[in-house]
Ligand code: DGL
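Let's start with one chain on its own, the form predicted on its own, as structure tokens.
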Amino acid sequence: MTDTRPIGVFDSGIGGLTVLKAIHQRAPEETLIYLGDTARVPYGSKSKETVLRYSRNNVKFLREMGVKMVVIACNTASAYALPELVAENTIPIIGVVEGGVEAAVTHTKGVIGVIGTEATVNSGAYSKAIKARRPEARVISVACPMFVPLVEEGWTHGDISTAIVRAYLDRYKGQVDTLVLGCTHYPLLKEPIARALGPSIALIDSAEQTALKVKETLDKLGASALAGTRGGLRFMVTDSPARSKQVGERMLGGLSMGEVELVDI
């Protein structure tokens, strides 16, 4: 069986493009629709009730586009809204927390670090999920709010990124053996993060793990597009399409976004 309907991917902004890129690389036959809710970014500083309301709105919009699956490419929305969205919808809804947790508990020797936005860290979603799988594991969670603007300004290498990453993470060097990058922007800071924590640290990229889970779910349901074909990419934002395209193509590393559509949801 094949299913040519698109997959919907949403985030509060354009950080979730790292998830879209990972899905596109693992399943190039799939058509992907990306929705960046840039008019309401960031979700990371908002209440659970507000994030849930915005997330429901995003899912409704994507379902009206005829998607066969929705990927929540936002750690905050995954932490705050995933259970409700799964319960309310008949199509698969996949978040970015679960895949990262599964990889972390597989790699760790016992101490796992989690970095993310304040909302993601305060939700305790990663810590709870890790403890559910490995009750004996120790989890150290750190909010790193400056990492997102670093990435969006393109300062992912050099003295500025090195100094800011070290300001947040130097004190944890040697304390953790595995680090979950709990924000979709953070994979672009892998190099300075690895330097700050040392070469022995295992960095868990939730984008890659989420793409794997998407592919596994499609295969299990018999809902994959025809292998060997090439799916399309469509990009929509709720504000500032020109800015979103400029920053987004930097994050996508050479993958063109084409026209970025402005939508009102």
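Computed from a prediction, not measured in an experiment: that's the story for all the values here. Heads up: residue numbers just count along the shown sequence, starting at 1.
Absent from the display: the form predicted in complex with ligand DGL. The rest refers to it.
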Report summary line: In this chain shown alone, the residue from 183, 97, 179, 71 with a heavy atom within 4.5 Å of ligand DGL in the predicted bound form is 183
Query raised in the report: Using 4.5 Å between non-hydrogen atoms, is residue 142 touching ligand DGL in the predicted bound form?
Result: no
Report task. Decide whether residue 148 counts as a contact residue for ligand DGL in the predicted bound form under a heavy atom distance cut-off of 4.5 Å. Result -> yes
Query raised in the report: Quick one: does residue 235 come within 4.5 Å of ligand DGL in the predicted bound form, counting heavy atoms only?
Result: no
Query raised in the report: residue 43: heavy atom within 4.5 Å of ligand DGL in the predicted bound form?
Result: yes
Requested in this report: Specify the contacting stretch among 85 to 93, 117 to 125, 160 to 168, 132 to 140, defined as having any heavy atom within 4.5 Å of ligand DGL in the predicted bound form.
Outcome: 117 to 125
Query - Interface residues of 50 to 88 toward ligand DGL, as seen in the predicted bound form [heavy atoms, 4.5 Å] - result: 74, 75, 76
